[in-house]
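One chain is shown next in structure tokens, namely the form predicted alone.
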Amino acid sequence: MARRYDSRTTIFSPEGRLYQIEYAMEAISHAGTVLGVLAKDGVVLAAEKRVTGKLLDLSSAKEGGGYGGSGEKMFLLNSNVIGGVAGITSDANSLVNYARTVAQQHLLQYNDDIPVELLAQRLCDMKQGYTQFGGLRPFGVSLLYAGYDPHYHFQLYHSDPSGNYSGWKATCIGANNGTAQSLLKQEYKDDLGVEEAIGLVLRVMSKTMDSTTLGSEKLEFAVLTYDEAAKAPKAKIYKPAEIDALLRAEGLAKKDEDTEMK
């Protein structure tokens, strides 16, 4: 039945389904996991990198050129918003560039950082348009937005290829998201601090990632907090050495025999 109605996004099936959007969501469910947890004094994001290898040049992430991250999973969308992506990375790059442009236009027009929900709305307006017009393909990517604004403080949003978005206390997208969601339901508490949230995120990632060992070559990590001295949000995307230090502090670092590979 589906084959007659899945040739384009503008055709509804008799059951009222848009199959191309469902296929886009299926592509995301096979992508590297991205997990977000909202704390009372910050937001924590972690992501599983799938593009790894000894010959991959990660010098920009390791040596301070840029803001950390490999450019695969974590992106700085604005000074007050970090984005984590799951799905087709090339689609994500296009959306990230659009989000950064929207944020800078808002800053230019109002001399203020864009509210987190407004940024999510603007991206979702664009994504929804790609599901309604002929000849277009939905974006095969979901995003988690970790952000801060003065009115609603710390927020965590999720958007998907259909153009829907929703606010969360803790959520997960990508592979094994069902397992991660059930673990978060059991362990999440409303009065969680950032340090506790970091521990929770790392524990959940260690149980849900496809790889048997947790290390900086397969993990990206970001934290958004509020800097009281500067009176502004502080976004930090961790470098590989800092991720390894976090894992050691939580007792989740790789065993010696794994790190001694010549």
Partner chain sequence: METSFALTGKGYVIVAADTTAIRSIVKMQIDQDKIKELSPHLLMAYSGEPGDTVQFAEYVERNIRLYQIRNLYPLRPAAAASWIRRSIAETLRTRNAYSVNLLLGGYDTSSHTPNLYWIDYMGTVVEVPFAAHGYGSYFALSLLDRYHDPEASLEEGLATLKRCIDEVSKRLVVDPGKYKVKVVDKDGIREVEI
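Positions refer to the first chain, counted from 1. Not measured: the values here are computed from a predicted model.
A second form of this protein, the form predicted in complex with its partner chain, is not displayed here; the remarks below concern that form.
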Just checking whether G129 would be counted as a contact of its partner chain in the predicted complex - the rule being heavy atoms within 4.5 angstroms.
no
4.5 angstroms heavy atom contact with its partner chain in the predicted complex for D91
no
Is E187 one of the residues lying within 4.5 Å of its partner chain in the predicted complex, judged by heavy atom distances?
no
Applying a 4.5 Å heavy atom distance criterion, does L136 contact its partner chain in the predicted complex?
no
Would you mind picking out the stretch of 137-145, 177-185, 101-109, 82-90 that comes within 4.5 angstroms of its partner chain in the predicted complex, counting non-hydrogen atoms?
101-109
Its partner chain in the predicted complex - contacting residues of 109-124, heavy atom within 4.5 Å:
Q109, Y110, N111, D112, P115, E117, L118, Q121, R122
